[in-house]
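Below sits a lone chain in structure tokens, taken as the form predicted alone.
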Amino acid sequence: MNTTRSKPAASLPPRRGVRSLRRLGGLCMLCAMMSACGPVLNDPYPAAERGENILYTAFTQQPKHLDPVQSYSEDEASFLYQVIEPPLQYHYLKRPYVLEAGVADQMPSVRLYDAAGRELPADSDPAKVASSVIEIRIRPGILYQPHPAFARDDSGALRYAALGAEALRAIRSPVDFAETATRELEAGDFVHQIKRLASPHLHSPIFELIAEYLPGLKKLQAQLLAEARETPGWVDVGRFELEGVEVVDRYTYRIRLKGIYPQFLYWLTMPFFGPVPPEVDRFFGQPGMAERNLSLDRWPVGTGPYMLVENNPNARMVLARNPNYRHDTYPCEGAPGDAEAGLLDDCGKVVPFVDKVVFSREREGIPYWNKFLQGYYDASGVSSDNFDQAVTMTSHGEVNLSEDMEQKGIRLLTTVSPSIFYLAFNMLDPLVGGGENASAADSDRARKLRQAISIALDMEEFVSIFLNGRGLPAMHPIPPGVFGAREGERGINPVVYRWVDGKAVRRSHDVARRLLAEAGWPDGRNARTGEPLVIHLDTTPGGLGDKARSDWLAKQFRELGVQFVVRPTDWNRFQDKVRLGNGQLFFFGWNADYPDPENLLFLLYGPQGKVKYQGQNASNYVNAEYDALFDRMKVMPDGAQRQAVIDRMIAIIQRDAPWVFGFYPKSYSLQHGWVHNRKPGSIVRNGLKYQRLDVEARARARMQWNAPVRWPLAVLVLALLVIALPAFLHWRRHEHATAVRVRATGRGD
């Protein structure tokens, strides 16, 4: 008898077809799960942040300094101005820019004194003013953000004032300390920071300038240097006196300046003159702190609306609402058009509106732009790479949002920056400037040559071609938004433009050719010798002298019959040429430190000459009347009299044409419709507290714009099924044949 027993078919090991089907089923299930995950698949932020009142933005350059004594760049200002509050600030909405009290109780008082100590009237002759005394009173009751530097033990001593290596072992940020505290803002905190300007370890970029008006700083610097040589490490500036600066009482301090310097009030809007508590300075000065990146340069401490709670400059920076922030409200007045734009809708409401601001590091422009389009950044700039996608240009040069942007509810904001880019003529050059000791006739010929070139170089075309329209042709050094800039017909440069049908029209090349002939160069050749006129542009490779721009400039000159030669050189050599007065024509630019005409008109002030005085007057332009008017204008208050002086100064330089007044750059920015109260203006740097978000609208838009596209998954599943179907059918046939064989023979193999 055959005793072999066959295995039931059900107990046979699974065939490869079954395993393939199981894998296919698992893959289909995974695809289904992925399709059900919704828009969170590409969300770059933690799930815990969804629905929170957080403003998302980006930064491209690592902040180098966040210590208020050293920080002086726009990249750093985005963080620092939200934390540190100087005595004064700019009104968020008004244009031209208007100073107002920040943490100061009111605008500072300014008193003038002569050499004998007698007080002078406010309108005194500046030559009689020996000193100016600025008195600042701080609002009582303002508190600092919570910070371990203020924490005290039961005896009242500072808890973290003498930390050893063991105590710092696990510390990587101020957030890691167990206890924090606060205290009231005092006048002495501002005085302490002013003393820090003289610290030999910090190298403040404004030290030399401010020391001209506050001579006690140099004396203090010498004392601090001597102290640093004897005692390496942190120096307590609080132990030293600063001549010219004194604490009057808990909320009041005075600064005595040499002579008269009305623009000093603008410096009081900057973190250089914000408060630094001695406790914080001492806290970060302890041994071992710097090695752990624990310093004011990384972790600023202030009374502002936000405090820095995360600092990873390679990836992410986070500002969180300061729970101790003073009572502050949204402005109720603004510039014309602000009410219509909805910028006054939140009048009188308490700020800040946003709980947290998250800055993500973006090294490349394309990811930055794509995340903005997906709704993951609330605002974005407009770069040359995405300009055509974002905006359209009309035949009249007007800029409008593209249809795609409008459909997304994106808004375009434009503003003219308080800056100017210009082509400078070297007035020491015999050809274009007439030379240092030029005769009246030579000076006149050189002036007409400069005027002809100013007309021929079509800045409207330059801005359109090379800047995508992101600039406004300049008429003089003062950009719109700064006191002294005129609008309409009174604001044009009559040497270069005519006023026709309500707009400025550039004068024709025929006018330029006539001026060129009067300068002694008819058709671009010397009237006596016949030699060609050659103009040299000194520049650095990769800058405004690259090939496309150089070709454009050469074309403009050719239309006058003038030969144009570019002399490229490296940056150091270019600087030497400008410093020594060996250049002829070169591009330059200037960003205003503060919105006062003095900070722009001084670029053509004789005593600022680059060659003779190593100043900022790169053209080496000298005009006795202009210089006298500048001395008068810089100490005048804004008003009709100052405007009249500025008008005369501008008329002088328009006629003399030491510059081709190139353009004022325009900044374009985009924001989503859920962002409110955002008004551009590079002078106002503490504006985050005024911005408001519609978080629900943002969530809806993100879900709509980032909804998963399911049909590719369905196609993938169908394709996998089609591929697997033959294997499945083959498996079925094999199983059927096996079953038949088992029934027939009793054997499964």
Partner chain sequence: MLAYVLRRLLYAVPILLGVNLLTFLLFFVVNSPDDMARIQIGVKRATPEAIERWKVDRGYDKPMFFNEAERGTAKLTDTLFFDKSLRMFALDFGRADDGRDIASEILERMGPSLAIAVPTFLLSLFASITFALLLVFFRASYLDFWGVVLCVAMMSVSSLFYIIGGQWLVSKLWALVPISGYAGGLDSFRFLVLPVLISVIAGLGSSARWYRTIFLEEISRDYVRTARAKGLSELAVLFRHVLRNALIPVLTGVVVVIPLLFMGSLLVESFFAIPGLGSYTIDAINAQDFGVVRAMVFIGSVLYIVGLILTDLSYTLVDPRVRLA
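Keep in mind the model is a prediction, meaning the values are calculated, not measured. Rigid core here is just the name for the largest C-alpha set that superposes within 1.5 Å across the two forms. Residue numbers count along the first chain shown, from 1.
The form predicted in complex with its partner chain exists for this protein as well; it is not shown, and the discussion that follows is about that form.
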Partner absent here, but in the model of the complex, which of 492-500, 531-539, 614-622, 671-679 has residues with a heavy atom within 4.5 Å of its partner chain?
614-622
Complete contact of Pro63, Pro205 and Glu364 with its partner chain in the model of the complex (any heavy atom, 4.5 Å):
yes
Even though its partner chain is not shown here, does Asn599 get within 4.5 Å of it in the model of the complex, heavy atoms only?
yes
Is Arg513 near its partner chain? Define near as a heavy atom within 4.5 Å, in the model of the complex.
no
Hey, in the model of the complex, is Pro313 touching its partner chain, heavy atoms inside 4.5 Å?
yes
Are any of the heavy atoms in Gly51 no more than 4.5 Å from a heavy atom of its partner chain in the model of the complex?
no
Under a 4.5 angstroms heavy atom criterion, identify the one residue in Leu209, Ala226, Ala115, Val248 near its partner chain in the model of the complex.
Leu209
Sole residue of Phe177, Trp590, Phe587, Phe240 within 4.5 Å of its partner chain in the model of the complex, by heavy atom:
Trp590
Where, within 221-237, is there a heavy atom within 4.5 Å of its partner chain in the model of the complex? Residue list please.
Gln221
Displaced residue check between the shown form and the other one: Ala47, CA, 2 Å or over, core reference
no
Does Phe574 move appreciably between the shown form and the other one, meaning a CA displacement of 2 Å or more on the superposed rigid core?
yes
